[in-house]
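The chain below stands alone, shown as structure tokens; this is the form predicted on its own.
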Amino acid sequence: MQVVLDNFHLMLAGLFVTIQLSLQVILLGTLVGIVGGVLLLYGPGLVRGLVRVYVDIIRGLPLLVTIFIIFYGIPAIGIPMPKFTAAVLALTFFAGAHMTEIVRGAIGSIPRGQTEAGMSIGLTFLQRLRYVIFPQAIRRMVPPWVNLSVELIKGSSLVSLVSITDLMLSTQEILERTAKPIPFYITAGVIYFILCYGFATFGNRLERRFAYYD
């Protein structure tokens, strides 16, 4: 364990990158998904078609392929982009597509009578979304959103393959120097478990917080 303690500060530096990346992707992916889900249900025909194409393509690709396409494809067409920004963009594309389906399903499960009731009292479209539809849909969104967020935390380890010095790449660099893979992989696994379990616990509390909307 001494070798782990001697190099733990390097793992903490990688952990900070993993946390920063994960939080940005969860936030941006959620925002993209909310907009995408609303457009998929209520947007003009052309917009719905474009959103559907985006969702189906991204959900049909492995996350690693999406990362490679963004990471290598954008610079290939002459647009400079920092490595971290490319990683955030790739994971956000992935998260946004899956979140779009979560939002679409949650809003679509609200009985149509709720919308008609809002219209009958003169609420505008945005008011109906804010005061009638979203308060009921959000509880349905929380469990799959938590699952998606946990998958994004774990999936963030793939950015190590494009030279982002996250927790995984930091671990690999240390073990290559020390030639002691087992203690470092176990330590990295424990850290990922704590991150995912902590977020899942937060999600369970959030789900209970919105339970009264039933």
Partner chain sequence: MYILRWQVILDNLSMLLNGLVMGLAIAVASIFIGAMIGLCAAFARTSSNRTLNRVAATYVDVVRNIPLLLIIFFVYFGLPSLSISFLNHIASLILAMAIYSGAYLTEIFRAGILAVSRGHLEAGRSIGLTHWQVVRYVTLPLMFRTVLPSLSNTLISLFKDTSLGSAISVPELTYAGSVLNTNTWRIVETWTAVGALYLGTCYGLAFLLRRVERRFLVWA
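Numbering follows the first chain given and starts at 1. Computed from a predicted model, the values in this text were never measured in an experiment.
The same protein has a further form, the form predicted together with the partner chain, not shown here; the description that follows concerns it.
Site annotation in the predicted bound form: the residue of Ile26, Leu40, Leu158, Ile174 reaching within 4.5 Å of the partner chain with a heavy atom is Leu158. In the predicted bound form, the partner chain sits within 4.5 Å of a heavy atom belonging to Tyr192. Within 4.5 Å of some heavy atom of the partner chain in the predicted bound form lies at least one heavy atom of Val150. At the 4.5 Å threshold, heavy atoms of Ala76 reach the partner chain in the predicted bound form. Contact between Ile182 and the partner chain in the predicted bound form is found at the 4.5 Å heavy atom cutoff. Contact residues in stretch 24 to 59 (any heavy atom within 4.5 Å of the partner chain, taken in the predicted bound form) are Asp56, Ile57, Arg59.
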